[in-house]
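Before any questions on how it binds or moves, here is one chain, the form predicted alone, in structure tokens.
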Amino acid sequence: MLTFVIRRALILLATLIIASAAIFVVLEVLPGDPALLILGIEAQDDTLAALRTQMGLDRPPLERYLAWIAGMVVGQTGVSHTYAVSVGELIAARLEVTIPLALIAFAASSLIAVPLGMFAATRRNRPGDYGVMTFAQIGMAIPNFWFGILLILLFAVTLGWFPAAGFPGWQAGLGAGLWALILPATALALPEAAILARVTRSAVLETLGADYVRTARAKGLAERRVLWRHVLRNALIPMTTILGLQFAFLLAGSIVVENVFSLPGLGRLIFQAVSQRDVIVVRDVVMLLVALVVVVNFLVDIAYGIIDPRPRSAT
């Protein structure tokens, strides 16, 4: 197991290095002046020179790259040109919205999809199965931002049950904060729940035909116990990868949904940084998102190795 973890950790480190180099090259090395991009073509020469010095553009690219990576490792990020504060402070404030939003959406999609997938698998080629698969097809076809707009029109504008946009802040109370995240979390969760329901159905169907399931039934175990203690536990092996990828997709999908609901999260921050040409914020936030996705995939690999020993023996 230790060798398996070390190899996955080395892959994680190599992925982060390659991703950071790509981000740095695209934003700071390719033809174009980041300082000119920020200030615009009408900026004065002395102002451009001062910003280039502030951004370290007067130093060699390799030195700037190593300084950026060293700063990211110890938590020292650059200073936003737009907000005039540390990017780390901006990210920390926005993660207070994005992480709870992704976690709520992840929990909602899992709680919806796993029972539906098992329900469809146990009723294969029957009306219940067709109904779940129809839901899955619709959920996969509807973009989350469009579904979010429909939720706003129905539950916020028409019924007035939820706020249409904005976030009151956690200082307003845990209940108020969670209430403001219900609609955007639902919009994020629907496509992922549809995908996970299909994967769960396929995994459960494959497991239902296993010899140990027939043996458990032959021993007289109740069908509910067979499903939850024998079928689901073994079906979790292929589902683990999808669950890990879903959390990464939810973080990426929050960029659009947060703008639909005007949430002050990480996705809205990067959208604003792009529109305001704040290259420093874009660079650090994109690197953080990449790191979160890579780390989540690493944890999924470790969990997969714990659940199923075959990947460990193959390394």
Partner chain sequence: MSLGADNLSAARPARWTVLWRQPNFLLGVALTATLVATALVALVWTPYAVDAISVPDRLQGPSAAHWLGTDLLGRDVLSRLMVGARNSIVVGVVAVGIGLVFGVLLGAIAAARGGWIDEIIMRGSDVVFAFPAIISALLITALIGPGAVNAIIAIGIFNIPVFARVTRSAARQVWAFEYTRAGLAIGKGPFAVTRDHVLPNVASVLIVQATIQFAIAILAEAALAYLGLGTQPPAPSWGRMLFEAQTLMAIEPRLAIFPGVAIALAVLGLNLLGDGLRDALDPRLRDWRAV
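Residue numbers count along the first chain shown, from 1. Here the structure is a predicted model, which means the values were calculated and not measured.
Same protein, other form: the form predicted together with its partner chain, not shown, and the subject of what follows.
Its partner chain is not shown here, but in the predicted complex it comes within 4.5 Å of a heavy atom of residue 202.
Its partner chain in the predicted complex is approached by residue 255, whose closest heavy atom lies within 4.5 angstroms of it.
In the predicted complex, residue 299 stays away from its partner chain, with no heavy atom inside 4.5 Å. Using a 4.5 angstroms threshold between heavy atoms, residue 83 stays clear of its partner chain in the predicted complex. With the partner left out here, its partner chain still marks one of 89-97, 112-120, 213-221, 241-249 in the predicted complex; by a 4.5 Å heavy atom cut-off that stretch is 241-249. Here is the short version: of 107, 172, 157, 178, the single residue with a heavy atom within 4.5 Å of its partner chain in the predicted complex is 157. Taking its partner chain as it sits in the predicted complex, the stretch 141-159 comes within 4.5 angstroms of it through a non-hydrogen atom at 141, 142, 143, 145, 146, 149, 150, 152, 153, 157.
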